[in-house]
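Just one chain follows, in the form predicted on its own, and it is written as structure tokens.
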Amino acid sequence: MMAEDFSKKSQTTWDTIAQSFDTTRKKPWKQCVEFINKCAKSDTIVDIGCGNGRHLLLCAANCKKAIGIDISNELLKIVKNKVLENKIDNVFLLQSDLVNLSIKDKSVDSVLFIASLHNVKERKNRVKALREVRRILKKDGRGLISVWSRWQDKYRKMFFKKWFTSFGKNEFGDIDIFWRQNGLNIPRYYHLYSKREFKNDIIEAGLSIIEFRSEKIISKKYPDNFFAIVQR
């Protein structure tokens, strides 16, 4: 389990920004749409770190059963309201940190783990979260996992400087990114990944990498997100 104090802090952080976060996260990412559309109609799919449900609702429309997991009760309340408003009957919600999922071994066909792994503190916990993906997937089940890139346009110079001035003080890649929408100023823990590190953590967790992509979603020059399609 993640350190209890960090888990509680993370929940408080995301509960605090939940309403503001929801106003900025409306459109599903094309990478997720492509993955979900390839899932079978009979699939059970889990969205780990489902946030405000922008991908979970699409999962529900395409699959037999969709399970949304998030550490934030406030985000899950937002999802629940959307589910009720749209009269969706195949969505199930669980409040949990991301390293201890209350889901049976080998019980799901597909997993989405989008822009959430990088919010888990300490490498051992991030690898454990990836092992949870492997544990819950059925044989040959697949998942789409994404993280933010360390060397993207916005943070590239900062991390080059850190490499020479503070290397070794914390896990290299750790950063607080502030949420400043709607008058808020809330720090959020992130661990920004290098390509090699992301691949190594996936392999360490016992997952196979089927496809790996570096993508520019906001950045102009250097990729800001990595996407990996993995298999049990």
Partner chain sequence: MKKDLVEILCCPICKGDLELFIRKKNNEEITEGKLTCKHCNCDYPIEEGIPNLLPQQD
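As the structure is a computational prediction, the values presented were derived from the model and not from experiment. Numbering follows the first chain given and starts at 1.
One more form of this protein, predicted together with the partner chain, exists but is not displayed; see below.
Heavy atoms within 4.5 Å of the partner chain in the predicted complex belong, among the stretches 119-127, 152-160, 139-147, 102-110, to residues of 102-110. For the three marked residues, L76, V91 and L94, a heavy atom of each sits within 4.5 Å of the partner chain in the predicted complex. Of the residues R54, R188, K65, K195, just one reaches the partner chain in the predicted complex with a heavy atom at 4.5 Å or closer; this is K65.
Note on contacts: among Q11, S219, S20, S214, the single residue with a heavy atom within 4.5 Å of the partner chain in the predicted complex is Q11.
In the predicted complex, none of the heavy atoms of R134 sits within 4.5 Å of a heavy atom of the partner chain. A residue is said to contact a partner when one of its heavy atoms sits within 4.5 Å of a partner heavy atom; I71 meets this definition for the partner chain in the predicted complex.
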